[in-house]
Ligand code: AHR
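What follows is one chain in structure tokens, specifically the form predicted on its own.
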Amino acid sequence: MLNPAFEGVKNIKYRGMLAEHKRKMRLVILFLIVTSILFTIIYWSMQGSGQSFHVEVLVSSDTVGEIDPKIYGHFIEHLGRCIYGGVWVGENSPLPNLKGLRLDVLEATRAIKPPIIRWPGGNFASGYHWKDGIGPRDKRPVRVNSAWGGLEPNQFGTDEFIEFCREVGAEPLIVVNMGSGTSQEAAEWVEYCNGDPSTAYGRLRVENGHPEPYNVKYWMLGNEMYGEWQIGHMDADTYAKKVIEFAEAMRKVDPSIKLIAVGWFGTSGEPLYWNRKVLEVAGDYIDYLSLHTYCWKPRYDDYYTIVNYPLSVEEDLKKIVDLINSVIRNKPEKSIKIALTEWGVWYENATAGLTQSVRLCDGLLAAGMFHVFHRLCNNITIANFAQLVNALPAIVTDDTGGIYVNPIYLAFKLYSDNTGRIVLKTSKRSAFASLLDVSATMSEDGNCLYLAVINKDPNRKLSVKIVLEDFKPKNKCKISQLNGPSVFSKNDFKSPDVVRITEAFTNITLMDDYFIYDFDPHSVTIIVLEREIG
């Protein structure tokens, strides 16, 4: 038992220490409150003032991997005015055309250099029978478009699609019908496209005026076959077995083709079960797992949800990559990449044919998706924006010859002209770093560095200290910027250049290994730096 006198001394000492501790805690809390108040005052006083906050970005010399150009792909479907009135007007149209392909759409598409284009769907693919769309156009049958309603005239079929791809310099990606179609029908389609003239369907292609094989490399095995909205939808076990059936039939015709299986975007519940089952049962037969993701019906004015959507996509993609790796971990010779064969933004107010207005914020979303593809370049090697023309569009046309491009198209243009193949690691430091999304890429010869920066802040410039590791640039650099008057600015037929890309050459002031640049609000900027030699 302790001496009472000692116990009293101990209690006095303890009470004194406790009082001192409480005093210090009160000071800390007071400091935090004052700091918070000051920060809030500064923050709100700078809204719309044009003043800037500071962020530090380090561009490392360490590489992440190499970009596959097919991440900048597109998608066209027999939906609304995407094909008819968009890509195709017919040879007898009063609108300028090349073999029936709408000329202004051809020219706009060429300008963004699409590496791969997916067709014929989408949901449409699950009811499409490819033989309806070949041969003399005046003898092709008119069918009901069982996916989207209305009539399908079959004027735009396999040969027209291949012609479109060749005119714009894209690889074709064909989706076979696994809804109402058969593995034999799919195999015959491969033979029509890739078969020697000595084969039955290769000879049919020749008779239709195309003597040389098309050599279509990429084939997708159905579309969203898990969905109740899909013609012939099925469960994961059934689909996985059908993948094997279709793969074996199609590869008997052409063993060199690359096959893309339907995956389900998600990391738990039914999507997780579906993806695991397809990978475990049919993984040896496929080269890619397809995923679809949309910024799905956000509020039209919910700016931050829209521009930050790519970050949530990135987190889910990482988990799906982990799933793929866990399934094939004991097969070092096997590689299954991700093909994000549909991505985009889909608003609640999209009207019939999925026409919708696309704003600057959607262009920032597209740029953010490109940055995700860059960071995950070792796993995502195909991506197709949905869609190229008129439906959830990048390009918009009317039937009188009008055309304009929107901010998503402009994002494609910006990056197709100003991106290297090698991805460099980057890091950010600042309380405001979340307002920036950064991607650094380099040319294969190492002499050109492309720094892409998205400033998501709707009101303020961000002053960024850019530290370059093992790269000394020339003072003069090219600056390309996608921007408009406000985050919700948009183009239309009457005002097609409200949102646009501007280019300028400027001198930077290099201090040791860094320089400072102020990035405008709600902008995507790419700085092109050339290495100083010698």
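Counting begins at 1, following the sequence as shown. Bear in mind the structure is a predicted one, so any value in this text is a computation, not a measurement.
Omitted here: the form predicted together with this ligand. The next part is about that form.
When contacts are judged by a 4.5 Å heavy atom cut-off, Gln356 does not count as touching this ligand in the model of the complex. The shortest heavy atom separation between Gly363 and this ligand in the model of the complex exceeds 4.5 Å. Remark: Ser439 does not count among the residues lining this ligand in the model of the complex, judged by a heavy atom distance of 4.5 Å or less. Though the partner is left out of this view, Ile83 does not reach within 4.5 Å of this ligand in the model of the complex, counting heavy atoms only. Within 4.5 Å of this ligand in the model of the complex, a heavy atom is found for all three of Asn123, Ala386 and Leu392. Shown alone, this chain has one stretch from 220-228, 128-136, 444-452, 237-245 that lies within 4.5 Å of this ligand in the model of the complex by heavy atoms: 220-228. In summary, among the residues Tyr273, Tyr201, Tyr285, Trp148, the only one with a non-hydrogen atom within 4.5 Å of this ligand in the model of the complex is Trp148. Listed residues Phe265, Trp346, Tyr300, Phe432 were compared with this ligand in the model of the complex; Trp346 is the one with a heavy atom within 4.5 Å. Taking this ligand as it sits in the model of the complex, the stretch 487-518 never comes within 4.5 angstroms of it through any non-hydrogen atom.
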